[in-house]
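Alright, here's a single protein chain in two forms, structure 1 and structure 2, each given by itself as structure tokens.
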Structure 1
């Protein structure tokens, strides 16, 4: 047997390229889908909770109660609506017409005037946790503003904090979502495309045909994956252009390092796809496994929305098996923090080891199946 021959791998790659070019639907989607989805969801995803309907039951109807409602509405987070007669504020929470309710007691204005300490009841819809937690976070600020306006004097700020947000001073959600979205979409497309293309060869029986030729397994694999790698990297480039030009995401770090991270990540995702297709050999099952091991974990466990550090200990280790977790850390680090290789050594190592591991597993399985 002779060693790896780049020309044979090239021949396989050329065949694969022709195959893709003949199918303009797949080609446009593979190139266009990442940009489309990043643009759309870059606009759509916003973590700042605002414009929340607040059902108000005002039993006081005095000037202070009116002012309190104004303060809620001018905060921009709440949109006060008077409670509907009959159902009441709790009924509005039940039916989802409001997410929070404010009860103002009959003597509210009088008590404020006489100067004691006054209470207003605030009820939250806990069936949506993230919203409820965000609304609770807004309360101290509203309380301060309300007290200043209602009693005419600001509460004494004996101790306070002055917060400085580094890397993203205005807490622009886009800067945070867009690099993450790109990671998810690119990773998924790579997994799905490779899983399907290799599984197809098995399903058609053309894999046996290929293997009976002098082409070696490694050459087949490199030849089949390289075109998809190139396709996905072209997608990365478009996504980069969109996130810089449309969303103004800053790029503090080194482009070369970013390219290296993308290459590693795409390799990891392609290896995952390859492993899946070697394991199952049917396109439908391959798609199913690709979606199960790719789509949901990369959206939910990679730190895209739910920070990995907030998970229970076991899952903090478990997520180390997911390439998108490492790429997410690397991409955010490079774009927003300007991190260098020194800070990102762990994510790079993680990506490298995962690619190597999956590639080896796939090759071993491939070879044992041949013998």
Structure 2
């Protein structure tokens, strides 16, 4: 009984593998669910604001007014629609049938032709500030295009600034969201697999039977976590294939470095699931705690939706305790930037410390409960 016996751990792992092979639900959950969710949400989540309904009140009805509406339409961001009789553009904004409104003043075409000052008012629905900010960013380009097409004169450029977007030149939001989305799904799946599996052992009484044999707690933990770690890594591979073939996400860095980051992150998530199962010992409660602790922090505090740098100071420090925050930075850095270990030293250090800490905490609690 002295020391760690690899053969006893292997026997437990083999038993767990046989259980997984007899359980199609677990296989589907580990291999099929990540691919399905990444594909579904990869198409659904898009930070680009397009096809915005633009209510137009044209009091001119001249050729210049029609060209102005065509400019908005050809931008790809707006879909001009005429204001409903008796409602008006503001009424359409109130009802949600339009997100922006364009008011074209009378004599718009006449003033353009005579070289006089022209008036057109653009109104935005500010109830969604993220959408409004994106639409405001489109206006300068549309204004320059309108001046060039309507007057035949491009606006003078006193200062010329050339903008380049490194690592994502097309500003494709899926290149940004898919690696982060994969991190959230993989982490949540790892937590749920071990939380439910070990809790099931407690509920069925098979854990007491296992403990009656000459097996050390560390051997049980390794034997339990290893098969599910391999299963989750297989899911990582399928997600990688989908992100490359379906969404065209580039991969600029080292695959070996990415695998190392995945191993550290999966270890932390599996250990968290084990800790939950030891604490509650009930599958239903373990699943609920796994969803709460694995999904919400990953979505809101990992940098997937909101930049960590823009959070209040307390939450910026609090996110350092969350493995998804560090894995998100490592995955995006390796995938899009081709960053090496030197550039990602801090995320890897954070992942390593949290993985070791979570695994140690789970082992200590597991051993304490057994004794």
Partner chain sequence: MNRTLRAFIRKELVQTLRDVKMRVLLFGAPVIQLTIFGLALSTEIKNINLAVFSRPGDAMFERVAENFYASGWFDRVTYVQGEDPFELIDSGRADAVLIAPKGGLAWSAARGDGKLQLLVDASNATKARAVEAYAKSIISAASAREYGARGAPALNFDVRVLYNPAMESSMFLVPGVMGMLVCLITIILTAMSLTREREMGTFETIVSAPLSNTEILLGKTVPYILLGLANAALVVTAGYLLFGVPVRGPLWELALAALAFVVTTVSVGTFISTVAKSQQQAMLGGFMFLFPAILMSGIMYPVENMPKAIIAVAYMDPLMYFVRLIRNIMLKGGDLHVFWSNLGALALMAVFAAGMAYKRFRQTLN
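Fair warning: this is a prediction, and the values are worked out from it, not measured in the lab. In this text, rigid core is short for the largest set of C-alphas that superpose within 1.5 Å between two forms. Numbering follows the first chain given and starts at 1.
Just checking, which of these two is the form predicted alone?
Of the two, structure 2 is the form predicted alone.
Answer yes if the CA of residue 229 moves 2 Å or more between structures 1 and 2 after aligning the rigid core, and no otherwise.
The answer is no; the displacement is under 2 Å.
Taking the rigid core as the reference frame, tell me whether residue 250 has a CA displacement of 2 angstroms or more between structures 1 and 2.
For residue 250, whose C-alpha is compared between structures 1 and 2 after core superposition, the shift is less than 2 Å.
Core superposed first: is there a CA shift of 2 Å or greater at residue 71 between structures 1 and 2?
Moves: yes, 2 Å or greater.
What does the CA of residue 141 shift by between structures 1 and 2 after fitting on the core? Give it in Å to one decimal.
A shift of 3.9 Å at the C-alpha.
With both forms put on the same core, how far apart in Å are the CA positions of residue 113 between structures 1 and 2?
After core superposition, the C-alpha of residue 113 moves 8.5 Å between structures 1 and 2.
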